[in-house]
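Consider the single chain below, provided in structure tokens and representing the form predicted alone.
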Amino acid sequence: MAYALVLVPLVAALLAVLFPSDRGRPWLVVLAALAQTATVLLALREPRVTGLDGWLLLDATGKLVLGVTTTVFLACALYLPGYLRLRPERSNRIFCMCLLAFDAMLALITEAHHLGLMWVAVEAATLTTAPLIYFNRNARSLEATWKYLLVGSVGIALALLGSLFLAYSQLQASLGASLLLEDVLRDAPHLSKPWLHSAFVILFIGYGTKMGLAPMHTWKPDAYGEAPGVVGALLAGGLTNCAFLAILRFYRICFAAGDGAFARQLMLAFGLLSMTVAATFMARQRDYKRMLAYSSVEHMGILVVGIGLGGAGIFGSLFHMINNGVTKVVLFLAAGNIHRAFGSKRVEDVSGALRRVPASAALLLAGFFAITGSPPFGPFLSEFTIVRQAFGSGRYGVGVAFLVLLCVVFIGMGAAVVSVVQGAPSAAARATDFRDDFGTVAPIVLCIGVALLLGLYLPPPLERLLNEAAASLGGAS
């Protein structure tokens, strides 16, 4: 089962290269996504999924991330035939192949328990997404791709250096150097503390770059703004969550070494900084796709703030990872539909979306309320859990700052979204060919339905998995 999680999308990627028809190839991605979803559901039911002598192991936290990334990929795959039908001028061979290879690397990251193998999988996921960002093949998408690769390369280089520091902390303690997670956790109390602290700081910055935390977020506005909406959804709900998982692996080592407080302080600082930077840039943002990039920066900050608070905040952070992932699909795909209908990403050029593409505009509005923590959607519960932990643990300053920043983001994002959906569409917008249809709307409805369900009811199997994952990180429900 551990091998099938990676091999199913990899084999499909090879078939996508060999498949002769541009029109039929997106449906191959759909079939592969359905097959991968079935494989993941079987894996989630298994008490132990392992392979390569322990290098692959699907633990509770990995299962959570795998479930989120699989749901995100399935929704994007269902959206893909309708989207690529609108782009007949572009060959989709490389696009579909890279999508499937990316899905395979996400699965590998979630089950990689050798920290070196995880590093390789994160870098491979980055490389497979670069052609996806460049799909539009214009000057701005080329610039965004290069920025994504260059900034990401710095981050992954730091992550490699941090991994070497971690191995050296073992050597300094006269322990055998091993990057197998179980070995490091076993030896964690005996690791050299100065080298361990240095390793965590460098690793946090390295994988935090992939995650898009401020100030390492500079690739996000360009990449999210210039990539197709389906690619933005996969980056926001897939790659960033896997980078977060990588950080959690190393946080777990620090916690096992008795240095959880040191790691949590660092995460609190960067989390609040990310939320502050996002709120600042969203206050007057006029490009609604770049606005979603800063929203991702904000929510990556929320994730690490939850871990930094500890206790129930860890449960809230893991729950928020799920809510943010599915809600970002709603926002990016709905924004992509509106972009196709109006031919512009600028707020001043887009108005009356509710009249021009009513389904997509309504879903964008619903996604806005969901992602800003409005009830009855799932993000409200996860953010409320984090805020409650802040005040319950006496971190009143953190709790107040958290709430104030959420309010600033709500106002800034709301101004842009309301401007887009209300009003009357221009004559140029009414003349474009794009219309809402089942293929480009149904996947978005599926994801907003999941976000709504998680705000009203938490399925017991998911709650058990969240509790298990939180407990492994020293948290509580």
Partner chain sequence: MSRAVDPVLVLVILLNFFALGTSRVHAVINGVALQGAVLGALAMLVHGVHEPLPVLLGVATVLVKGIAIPMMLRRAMREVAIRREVEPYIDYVPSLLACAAGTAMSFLFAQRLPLAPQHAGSILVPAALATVVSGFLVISTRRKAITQVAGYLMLENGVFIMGLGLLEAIPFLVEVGVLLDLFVAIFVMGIILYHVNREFASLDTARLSSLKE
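Positions refer to the first chain, counted from 1. Not measured: the values here are computed from a predicted model.
From this point on, the text means the form predicted in complex with the partner chain, which you will not see here.
Stretch-level contact check against the partner chain in the predicted complex with heavy atoms at 4.5 Å: of 372 to 380, 79 to 87, 144 to 152, 323 to 331, the positive one is 144 to 152. For the candidate set 365, 94, 266, 157, a heavy atom within 4.5 Å of the partner chain in the predicted complex is found for exactly one residue, namely 157. Checked against the partner chain in the predicted complex, the residues 354, 277, 124, 256 give one hit for a heavy atom within 4.5 Å, which is 124. At a distance of at most 4.5 angstroms from the partner chain in the predicted complex, all three residues 167, 281 and 290 contribute at least one non-hydrogen atom. Residue contact check for residue 226: one or more of its heavy atoms lie within 4.5 Å of the partner chain in the predicted complex. The partner chain in the predicted complex is approached by residue 116, whose closest heavy atom lies within 4.5 angstroms of it. In the predicted complex, residue 262 stays away from the partner chain, with no heavy atom inside 4.5 Å. For residue 204, no non-hydrogen atom is located within 4.5 Å of the partner chain in the predicted complex, even though that partner is not displayed. Residues are counted as partner-facing when one of their heavy atoms sits within 4.5 Å of the partner chain in the predicted complex; in 219 to 244 these are 221, 222, 226, in sequence order.
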